[in-house]
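Encoded as C-alpha cells, the following chain is the form predicted alone, with no partner shown.
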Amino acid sequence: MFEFWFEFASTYCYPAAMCIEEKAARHGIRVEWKPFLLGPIFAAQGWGDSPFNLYPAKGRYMWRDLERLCARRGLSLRHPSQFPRGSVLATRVALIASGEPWLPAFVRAVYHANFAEDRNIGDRAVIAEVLDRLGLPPDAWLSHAESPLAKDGLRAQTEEAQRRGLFGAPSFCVGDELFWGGDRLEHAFEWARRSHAA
C-alpha cells in the first residue's frame, strides 16, 4: 500500500500532487490519496500558524525554493495572497471521494486554484466551480461534504495521521515506513517496489 498524505494548504504538496500519478504509473504502483489537516497537528506542537510564517527566514527560503521547483516542472505559481488558506470543505470533498476515479483530478484542480490562480479554496463557490468543471454535480457533493459523517471522517483521518507520526505534508507511507517531503517521493516509490518484490 502506497499512501499519499496531503494538505491543500501545503506548498510542497502542490508539485507533488501534480506529478505523483505519472511517477506512480512508471513504477507500477497504485496510490491511495489521504487528505488530512495539518492545523490540529501543528496546534499539538504549540504552533498557532504555519512554521513558514512563524519563522520568516524559513518562509522566505520556502517560497524561493517553490519558485525554482515549479519553474523546473513547468508549473504556474502565484504567491497566495493568504497563506495558509482554509481548506476544510475541499478536504472533506477529497475524503468522501476516496476511490472515485476523478479524485486525483479534483485534487490537482484545487491546488491549481490556490497556488496558480490565487483563488480562495475555502470559498464554497470556488469548490463548486471545480466540481462543475469536472462534470460533477456540485450541490450533491458539497452537501455530502458538509454532513456530520464527512466532518467526523476528516477528524478521524487527521487523528490517524497524528497516531502514525505524521508532522508535515506531503508525506508518503509504505506500510509502517514514513517518508516526508516531496524530495522523498522517488525514495518512497523505490521502497515500495523493493517491499513488493520481497
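Remember, it's a predicted structure, so these values are computed and weren't measured experimentally. Residue numbers run from 1 along the displayed sequence.
Although not depicted, the form predicted in complex with another copy of the chain is the subject of the following passage.
Non-hydrogen atom contact residue 23 with another copy of the chain in the predicted complex at 4.5 angstroms: Because no heavy atom of residue 23 falls inside 4.5 Å of another copy of the chain in the predicted complex, the answer is no.
4.5 Å heavy atom contact, residue 63 and another copy of the chain in the predicted complex: No - in the predicted complex, heavy atoms of residue 63 and another copy of the chain never come within 4.5 Å of each other.
is_contact(residue 2, another copy of the chain) in the predicted complex, heavy atom dist at most 4.5 Å: Contact with another copy of the chain, no.
Interface membership of residue 40, another copy of the chain in the predicted complex, 4.5 Å heavy atom rule: Judged by the heavy-atom cut-off of 4.5 Å, residue 40 is well away from another copy of the chain in the predicted complex.
In the predicted complex, segment of 137-145, 163-171, 150-158, 28-36 with a heavy atom within 4.5 Å of another copy of the chain: Selected range: 163-171.
Heavy atom within 4.5 Å of another copy of the chain in the predicted complex - qualifying residues of 159-181: Counting only heavy atoms within 4.5 Å of another copy of the chain in the predicted complex, the contacting residues of 159-181 are 165, 167, 177, 178, 179, 180.
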